[in-house]
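In structure tokens, the next block holds one chain alone, the form predicted on its own.
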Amino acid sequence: MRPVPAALALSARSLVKRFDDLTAVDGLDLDVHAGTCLALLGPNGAGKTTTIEMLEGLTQPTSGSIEVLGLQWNGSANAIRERIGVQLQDTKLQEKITTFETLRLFQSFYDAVRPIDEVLEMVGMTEKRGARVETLSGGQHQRLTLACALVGRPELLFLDEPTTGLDPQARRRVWEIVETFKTEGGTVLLTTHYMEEAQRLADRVVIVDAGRVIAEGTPSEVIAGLEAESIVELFPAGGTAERLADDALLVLPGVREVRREGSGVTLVVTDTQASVGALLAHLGEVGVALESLQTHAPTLEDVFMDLTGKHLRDG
């Protein structure tokens, strides 16, 4: 028997947002199943932030429908806000009050809340309990905004670039928080510029560009769409890269695509052994020396680059 899909925690249909002559979101459909994490990825100007703001109830769509936890913003806004947590990409907090006072303020917005000390422990901010917001580092401020999103015991969590500015240890702590939140039945909509973060946390990913969905599925399904066995990256020695012609590389066995960035050349290949062997022979024929050559299995970063022409971290 096929497993029964989880209920939808969030759904958008034919979502459109126009700003004068600019269409930022153009007929976008989106489903997030309860108890899962969906990563929404896209380059700058793709409509990602506008989409999230509409889903969070911060921006009114030009047309289309949004359903959050079975409710609609029109007529049920307060009931929705009681059940969601939001961490914005850039949150301005009162600077003269303490971390504890900030969370106590956010607690007052909800009926069901987590104890403040529990939330501080979750985000690794216990030692900053009495610190004024103005004294916090960028990473500590980011963790405090996450705590504000969690203090109301949300069923659905919106996280917009939650680990920007965090060191690797703090970033992993956030990952653990998200994974625990999911384990307890919570649902997450995440945006990130970190490929590893999306690949680790997301049950499904949606890549948007020009306000439209251009790829979606589980991370493995989206990566499989690249139709590649591996990615080969080579950096020719100084002054020799110009001897490598794209047309000549594309006819090598197993080479499906050639990309150039700076002094490097990237090959998307379907047969690693055949491609690398033929590539090395070709380099010898045209007199190209190598500084380095490496291969790796395809990742979401490679798919993103293939679809949008940009790196995820630059999106």
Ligand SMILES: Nc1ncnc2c1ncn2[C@@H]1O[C@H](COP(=O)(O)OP(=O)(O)OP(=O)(O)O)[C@@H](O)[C@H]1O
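Start at 1 and count along the sequence shown; that's the residue number. Note that this is a predicted model, so its numbers are computed, not measured.
Only in words, not in the display: the form predicted together with the ligand, which the text now covers.
This chain is displayed alone, yet in the model of the complex one of 57, 43, 61, 35 has a heavy atom within 4.5 Å of the ligand; that residue is 43. In terms of contact with the ligand in the model of the complex, the residue from 16, 297, 22, 293 that brings a heavy atom within 4.5 Å is 22.
Residues placing heavy atoms within 4.5 Å of the ligand in the model of the complex fall in a single listed stretch, namely 49 to 57, out of 275 to 283, 49 to 57, 246 to 254, 261 to 269. Though the partner is left out of this view, residue 193 does reach within 4.5 Å of the ligand in the model of the complex, counting heavy atoms only.
Taking the partner from elsewhere, residue 126 is found to have every heavy atom lying beyond 4.5 Å of the ligand in the model of the complex. At the 4.5 Å threshold, heavy atoms of residue 216 stay clear of the ligand in the model of the complex, well away from it. Using a 4.5 angstroms limit between non-hydrogen atoms, residue 197 is distant from the ligand in the model of the complex. Of all the residues from 141 to 172, the single one having a non-hydrogen atom no more than 4.5 Å from the ligand in the model of the complex is 161.
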